[in-house]
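In the structure tokens that follow, the same protein chain appears in two forms, which are kept apart as structure 1 and structure 2.
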Structure 1
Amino acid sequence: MAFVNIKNLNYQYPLTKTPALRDINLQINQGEFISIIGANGAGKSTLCYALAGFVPHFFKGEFSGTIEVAGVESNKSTLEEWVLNVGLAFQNPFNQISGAKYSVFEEIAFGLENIGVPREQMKSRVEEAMQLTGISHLADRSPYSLSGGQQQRLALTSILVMQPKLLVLDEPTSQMDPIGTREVFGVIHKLTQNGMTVVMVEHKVEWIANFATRVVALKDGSVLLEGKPNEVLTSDALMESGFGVSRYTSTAREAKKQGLWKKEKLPVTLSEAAEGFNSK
């Protein structure tokens, strides 16, 4: 049985005329790193909210279908119970800062305080999580003094310290430079190697190609494509849906029309493009 099982999921926000999610069926195994992609308005963030239990527990509207994580259904659990198993890092990290704490360390510990974790255990878990995400040097800083990229790392750390069974990330590197992006993808890769299941909304296709187990492309709230990263990220249907493909994919696609690209598969990354153009 799949670790995450989504069956016939449909959802429509209140006072809207069209569904945000339509007939989503998706199974995810434990330890997989699934990347969700799609153009703006495709339903990516709404799917994150559904996995995290905010749909239908917080956002109301019309909901049907089931979401199971580790054999437990979201609509048969309270939101308070569900968030202990599924952690969500929002696209805007500022929305995730509690405003109740004066330092990064205290902010990360806030969730553990709320569930009554003993003080010594709390301290060790916070220190371990900060070390994992590379923000130990920020422990005494105010959360509001951090850059956007640092706040995104803080939001991720605040989720990881809760030790969720499923980690859901909505564009967690949108405000990071290439070095920060590389480090965060490295952290996530390490987590999946240790058995954590990760669902990430992301637009940086080269990083997706290098790290994701599987890619799910959404369009108008429905699953357009699902498969291995190279298969989905080089698909003509993806390009036609309005999602920006890799520069290397588009270059090789044009080269193929002129007989200059000889390989069967199109590239997504620089290394794949270099190998293809250098081959005879």
Structure 2
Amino acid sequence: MAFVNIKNLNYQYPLTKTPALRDINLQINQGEFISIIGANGAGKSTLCYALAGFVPHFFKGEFSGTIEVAGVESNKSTLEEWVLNVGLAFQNPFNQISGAKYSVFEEIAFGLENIGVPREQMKSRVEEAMQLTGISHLADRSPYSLSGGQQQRLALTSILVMQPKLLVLDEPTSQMDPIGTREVFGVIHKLTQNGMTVVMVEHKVEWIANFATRVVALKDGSVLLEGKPNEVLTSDALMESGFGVSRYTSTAREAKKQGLWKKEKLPVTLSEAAEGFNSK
């Protein structure tokens, strides 16, 4: 039995005419790092909300099918219970800061206060989480004084301290500069190496190619493709769907037509492209 099991999931927001998710079936094993891609409006965020329980517990509307995480069904659980198992972080780090706390340390402890963790445990859990994401040195700073990458790592820490079994991340690096992106990916990579199961919406295909164990491409609310990162990211179907594939992939695809790319497999990253063009 898979760790995460999505069966025949359909969902439509209230007052809308078309479904945001259509008949999604997806199994995810423990420790996998799944990357979700797709054009604007494909349903990526909605799928994240569904995994994190906000669909259907927060966003009402028409919901059918089931989502199971670690053997428990989201429909049969309350949002309050569900958020303890599934952590969610998203795009804008600023909006994820509670606004009720004046230091990074307090901000991370906010969730633990909410669920009634005793004070003595709280401190050690916060310290442990900060160490994991490398922000221990920021403990006394104001959350509002941090850089984007630091704020996003704070948001991640605030979720990790809750000790979720599944981590859902909706474009956490989309507002980051290259340094922030590297910081955030560094943390996520470390988490997956520690065995965390991660589902992450991400557009930066080169990062996905290097880190994800599997890629799921959505189109108009349905799963268009699913497979190994290189297979999905270089497929003709993905290019035809209008998704912005890597420039190395499109260059090599053209080169292949003219016999300049000899390999069977197309590249996604710069190093794959360089290696492919150099080989005789």
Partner chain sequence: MVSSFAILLLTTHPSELMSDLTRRGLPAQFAYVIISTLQILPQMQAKAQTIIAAQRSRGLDTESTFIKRVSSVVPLVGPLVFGSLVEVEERAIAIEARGFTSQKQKTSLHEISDRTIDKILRWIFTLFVIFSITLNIWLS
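As the structure is a prediction and not an experimental result, all values here were calculated from the model. Structure 1's sequence is the ruler for residue numbers, which start at 1. If you superpose the two forms and keep the largest set of C-alpha atoms that fall within 1.5 Å, you have the rigid core.
Comparing the two isolated copies of the chain, the second one is the form predicted together with its partner chain. Relative to the superposed rigid core, I208 undergoes a CA displacement smaller than 2 Å between structures 1 and 2. The Cα position of V199 differs by less than 2 Å between structures 1 and 2 after fitting on the rigid core. Core-superposed comparison between structures 1 and 2: CA of L160 displaced by less than 2 Å.
Taking the core as reference, the C-alpha deviation of S147 between structures 1 and 2 is 2.8 Å.
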